[in-house]
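Before any questions on binding or motion, here is one chain by itself as structure tokens, the form predicted alone.
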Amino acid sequence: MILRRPVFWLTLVFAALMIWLPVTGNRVALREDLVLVAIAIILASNLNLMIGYTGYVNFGHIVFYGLGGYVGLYLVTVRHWNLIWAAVVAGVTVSFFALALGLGILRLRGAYFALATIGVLLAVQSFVENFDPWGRSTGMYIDFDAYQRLGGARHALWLTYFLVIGVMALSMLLSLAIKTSKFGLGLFAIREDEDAAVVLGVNTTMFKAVIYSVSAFLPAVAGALMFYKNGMIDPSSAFEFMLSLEGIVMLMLGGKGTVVGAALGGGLYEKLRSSLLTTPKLSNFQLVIAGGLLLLVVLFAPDGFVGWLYRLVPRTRKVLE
């Protein structure tokens, strides 16, 4: 049971701290910093389900985040749905889309699958840019009435923050639950040797499609919440290819295949990214530094920070998994 796992309780404590810190003293600036950290952890943790658990590199994972944002904002602004219901329906809708898509493209392996995910991202972005109900290339904007239904903009922003933190905690707990399940063992078998997994009776096509669908749900929910918070959405911000690449950097930095590694990598990289963007002399070198960091990790610490910690202090395997 995951209740007996230290990571379960560490996740709850971490989420509670992220809620408590900005609430104390009504620190709005800290809230805005922490919500970006939470989004980074959500993206990295769910990307880990594909890369870390299954061994399939997904360069287009951000497409789920963007689609969730569009579906959620459409339901809130045009259909006047409640934010929470809109976010959940956005997650379910995008998950079914990912399942149908995964049954097709997950028959590809290696570099072919990775290239196909880039094609999916570009195709979805092109479709949205020409889709009238979603505002085509100009996107959609939140009507102020959507905030009024939640008690005004101030209350709506705090509620959105709490919900994002909840999604972050769920992402980590979902990753832990899958890792410690029989389903997770099947995914690890695919990662190590897919042909051998087939011989052993693993339905690899279905396993891959299901985890692809599962990895889409919470990023889509987070996308609906974040773009509601931002007040607008457009194709360039919803389907930013560099965010997908940065998600891989986060995963490699923390340690792919581990629950704590994905969260740690997401948090550390987002803080580094924020520092670079707010430093005038370094803001233009953000991606250069990210690429150099990824190269260093691959060459000298291929298992990431958590893997390095395992080698340094073997007992941490029992706590940080």
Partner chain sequence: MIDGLMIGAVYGLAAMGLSLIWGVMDVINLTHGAVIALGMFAMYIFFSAFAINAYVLLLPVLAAGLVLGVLVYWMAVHWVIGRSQLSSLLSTFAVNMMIIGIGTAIWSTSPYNVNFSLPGLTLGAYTFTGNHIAASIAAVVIALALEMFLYHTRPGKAIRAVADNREAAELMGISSTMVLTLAFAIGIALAAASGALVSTLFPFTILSGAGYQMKSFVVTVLAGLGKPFGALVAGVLLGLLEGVVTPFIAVSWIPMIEFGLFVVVLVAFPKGIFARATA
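Numbering follows the first chain given and starts at 1. Keep in mind that this is a model prediction, so the values were computed, not measured.
Form predicted in complex with the partner chain: not shown, discussed below.
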Inset, instruction - Flag I51 as yes or no: does it have a non-hydrogen atom within 4.5 angstroms of any non-hydrogen atom of the partner chain in the predicted bound form? - result: yes
Inset, instruction - Give a yes or no for V28: in the predicted bound form, does one of its heavy atoms lie within 4.5 Å of a heavy atom belonging to the partner chain? - result: no
Legend entry - Interface membership of L185, the partner chain in the predicted bound form, 4.5 Å heavy atom rule: no
Inset, instruction - Please run the contact check for L295 against the partner chain in the predicted bound form: heavy atoms, 4.5 angstroms, yes or no? - result: yes
Legend entry - Whether A111, V120 and L245 all lie within 4.5 angstroms of the partner chain in the predicted bound form by heavy atom: yes
Legend entry - Sole residue of A290, I39, L67, L47 within 4.5 Å of the partner chain in the predicted bound form, by heavy atom: A290
Legend entry - in the predicted bound form, the residue from L170, A116, M232, L163 that sits within 4.5 Å of the partner chain by heavy atoms: A116
Inset, instruction - Could you tell me which stretch in 174-182, 212-220, 120-128, 192-200 has residues with non-hydrogen atoms within 4.5 Å of the partner chain in the predicted bound form? - result: 120-128
Legend entry - Any residue of 51-84 that, in the predicted bound form, places a heavy atom within 4.5 Å of the partner chain: I51, V57, F59
